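Take a look at this single chain, the form predicted on its own, given in structure tokens.
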């Protein structure tokens, strides 16, 4: 059975188990998602399911996007987000609706999101560099990275060296999170622990690969 959802991060909360231990959970508003396309190896060269999420006004989509949703007499509503999930056996049909009840409490999932953007950051914040000494007349090197390379040989900085630069706003996957809450009436799913991204950020929920 296909298990995958698109959702939006709501924020964090906590629940209590039978022993009164507080469990931190992240709440996600997930689905209902529409199956907008099923890709098959014979036709597309690979197997995947494309889901659509969050209804919007038709004028906010391009003509191509609207045509994609209306083809083959699907007549799906205008959907803001379309994402693909690679699966071996789709076991769904175009036009089907996927809701949070495809997951059960106790299952393990991977959550993919976009981390918070931090802008341009120095080496101390970005890579936890130690910085310079804080004594002996030192006045302006506290958070400097120090020497980057050798002099004559190689006479340059190697590609991929750690240093100051753009931080955050990357695709990040939180793996093997436990499903703690499933609420089909409110389209809510809660996973134990934190997930990447800010409140309102788009996330993908799928079966854990490393169970």
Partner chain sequence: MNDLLKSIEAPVNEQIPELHPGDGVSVHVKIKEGGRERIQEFKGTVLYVHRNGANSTFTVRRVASNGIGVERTFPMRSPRIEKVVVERHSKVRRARLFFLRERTGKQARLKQKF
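From a predicted model like this one, the values you see are computed outputs, not experimental measurements. Numbering follows the first chain given and starts at 1.
One more form of this protein should be noted, the form predicted in complex with its partner chain, which is absent from this view; the next part is about it.
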Joint contact, 10, 14 and 21 to its partner chain in the predicted complex, by non-hydrogen atom at 4.5 Å: yes
At the 4.5 Å heavy atom threshold, is residue 203 in contact with its partner chain in the predicted complex? no
Indicate whether residue 69 is a 4.5 Å heavy atom neighbour of its partner chain in the predicted complex. no
Does its partner chain come within 4.5 Å of any heavy atom of residue 159 in the predicted complex? no
In the predicted complex, residue 186 touching its partner chain (heavy atom, 4.5 Å): yes
Within 4.5 Å of its partner chain in the predicted complex by heavy atoms, the stretch out of 168 to 176, 141 to 149, 27 to 35, 52 to 60 is 27 to 35
